[in-house]
Ligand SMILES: NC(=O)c1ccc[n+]([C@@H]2O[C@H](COP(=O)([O-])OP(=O)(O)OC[C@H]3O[C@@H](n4cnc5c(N)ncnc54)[C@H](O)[C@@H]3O)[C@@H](O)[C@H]2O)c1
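Okay, here we've got a single chain as structure tokens, the form predicted on its own, with questions on binding and movement later.
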Amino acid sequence: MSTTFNSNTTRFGSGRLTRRRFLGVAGAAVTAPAIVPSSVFGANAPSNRINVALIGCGNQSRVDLPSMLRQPDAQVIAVCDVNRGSDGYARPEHFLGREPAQKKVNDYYAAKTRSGTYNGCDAYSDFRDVLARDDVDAVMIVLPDHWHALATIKACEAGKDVYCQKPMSLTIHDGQQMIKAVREHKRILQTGSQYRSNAVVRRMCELVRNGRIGEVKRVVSIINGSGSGPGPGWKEMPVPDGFDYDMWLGPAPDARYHIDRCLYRFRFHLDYSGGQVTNTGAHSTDIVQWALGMDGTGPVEFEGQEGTVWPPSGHLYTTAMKTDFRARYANGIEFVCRTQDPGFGARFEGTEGWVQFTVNNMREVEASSEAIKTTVIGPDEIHLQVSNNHYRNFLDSVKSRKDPIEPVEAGHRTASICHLGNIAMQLKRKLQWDPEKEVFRNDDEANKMLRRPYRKPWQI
């Protein structure tokens, strides 16, 4: 998850970088995709295929790329990352980057051809080069959070549909601009909160929606904790060969290179992400929003709690090691986000019982009684949208032009709760939030934290 683009090439302010313009400026050879034989796609003719490009070949691409390759009507024709290829991601054995991703795509399609060879996937270090291709229909943005808004907006301007990894944004302002771009350019955006495409989660949310636990009083977004990272006295490291660090930083502030600043661990730096609040918390909070029917709004009050633990002064990481904040919806429901290892999930407590889902038990809904677990949702009750595969749902939406199960507005509201909780923990006071105007009431200091300045020349 480490792609950005080169500040030495065409900037945003100079207009759309067309395919012809890219060829003239960069002197690169962008060709039409090699068409995989019909044996790979079955009945899906080339005219029915959706050409997809992967932008960001880091940790999450290990899931997203194979999942898209398995879709019979999608063809991955390009990958992009500022890292040519290295280890240093979530696990030592993970060797990732644009060249490993390119090989994975070519090997996948080669295995399905008679000749056993295929070289039709191109690799790039600058994602604007991908957007310049007229034959790319959709992009998967699997980048650090501080790149989500810029990449999404430029993709929409280039006429591409977008699968954007969670959390959808880095700031409230970024999310607002992403909504504007998606709707203005009439694009499809699926937020990568894939638990909405989980049957167990859907079942739990329907139990809540249909009153099986009575009146909801309290919800808990359970998230993981994190370590403090390299401690005081950490040393700057040399930038590895094949990794363009300046491009990786992009709009974020200039900073000394350390491997634990980038690759997988970018998420533990407030300049690039929001810690576990926006990592596993983006999933669990999204489940809460879906179950409560709050996709168009959010809580009205936030307050950091004493259980929050920050890294000691001088450590490289800057996000909370342990999270503890509370919020309140306008209808009185209490929202709690807290660290509870291991795993993450969501819990709903009502006047007649409770239900919960955790990644430690993904096979069934946990509940306060067997009667709640086994109750039947009748045909005239609330039934939520069905999706059993998040990537399939995205492609179906690309074809139908109807919103996917996690559209841009829903992704924004979920990310907003995460951002607002982080702000409340940093300021250590109760904050009043207007979810309609999307501003804090009577708090200029908090409102200044709703957006971040971009390092020049990057801008929306």
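Computed from a prediction, not measured in an experiment: that's the story for all the values here. Residues carry their position along the shown sequence, with the first being 1.
The next section is about a form of this same protein that is not shown, the form predicted in complex with this ligand.
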If we take heavy atoms and a 4.5 Å cut-off, which stretch out of 131-139, 102-110, 366-374, 260-268 is in contact with this ligand in the model of the complex? 260-268
Contact label in the model of the complex: Pro144 to this ligand, heavy atom within 4.5 Å: yes
Check Gln60 for me: does it contact this ligand in the model of the complex (non-hydrogen atoms, 4.5 angstroms)? yes
This ligand contact in the model of the complex: Val355, any heavy atom under 4.5 Å: no
Taking any heavy atom pair closer than or equal to 4.5 Å as contact, tell me whether Met247 reaches this ligand in the model of the complex. yes
Given this ligand in the model of the complex, answer whether the residues Thr308, Arg326 and Gly421 all have a heavy atom inside 4.5 Å of it. no
Students should find that, of Thr339, Gln71, Gln194, Ser387, the residue having a non-hydrogen atom no more than 4.5 angstroms from this ligand in the model of the complex is Gln194
Scan Val82, Met178, Met204, Ala78 and let me know which has any heavy atom within 4.5 Å of this ligand in the model of the complex. Val82
